[in-house]
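To begin, one chain is listed below as structure tokens, in the form predicted on its own.
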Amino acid sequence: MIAVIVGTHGKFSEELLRSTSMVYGQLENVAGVTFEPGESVSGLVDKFKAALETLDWSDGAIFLVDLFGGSPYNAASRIAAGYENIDIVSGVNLPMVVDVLVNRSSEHLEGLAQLAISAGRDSMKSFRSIRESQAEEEL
């Protein structure tokens, strides 16, 4: 099973995983890592390594982080650079995490990363745009 680590600025990862469990159910082989004010990127690398030690990532690991180029991304990059079976996807949101968990037993790491990106992108909707397109269809 591919391990999932959610890494974000502040407590967002903890709350995101709490919300994920409301939608998905019990989380297995998943860890959340926070990056708190005053911490260094080196300290965050240590926290990510400690999280990996608690997970089974024999099939790979995927880091879902909040900002491309932010400290969680940079820290995860330092780890991923040394492994072929670790990937990082930025822009983490609830639909992305749920989609990754639903599909991780049937997807390889590369496919899972693409699904994560699609889920994140496809989850953005405008009520007004949907309403206008439905109104046009009714005409």
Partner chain sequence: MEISFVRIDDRLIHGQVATVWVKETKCNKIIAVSDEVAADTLRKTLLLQVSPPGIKAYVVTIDKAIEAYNNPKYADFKTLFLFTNPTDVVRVVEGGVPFKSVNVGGMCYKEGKTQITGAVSVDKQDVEAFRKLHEKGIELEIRKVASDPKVNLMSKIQDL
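Computed from a predicted structure; not experimentally measured. Residue numbers count along the first chain shown, from 1.
The following text describes the form predicted in complex with the partner chain, which does not appear among the structures shown.
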Please run the contact check for Leu67 against the partner chain in the model of the complex: heavy atoms, 4.5 angstroms, yes or no? no
Contact between Leu109 and the partner chain in the model of the complex at 4.5 Å, heavy atoms? no
Distance check, Asn103 to the partner chain in the model of the complex, heavy atom within 4.5 Å: yes
Non-hydrogen atom contact Val98 with the partner chain in the model of the complex at 4.5 angstroms: yes
Kindly confirm or deny that Tyr24, Arg131 and Gln134 each have some heavy atom within 4.5 angstroms of the partner chain in the model of the complex. yes
With a 4.5 Å heavy atom cut-off to the partner chain in the model of the complex, the contacting stretch among 39-47, 24-32, 53-61, 79-87 is 24-32
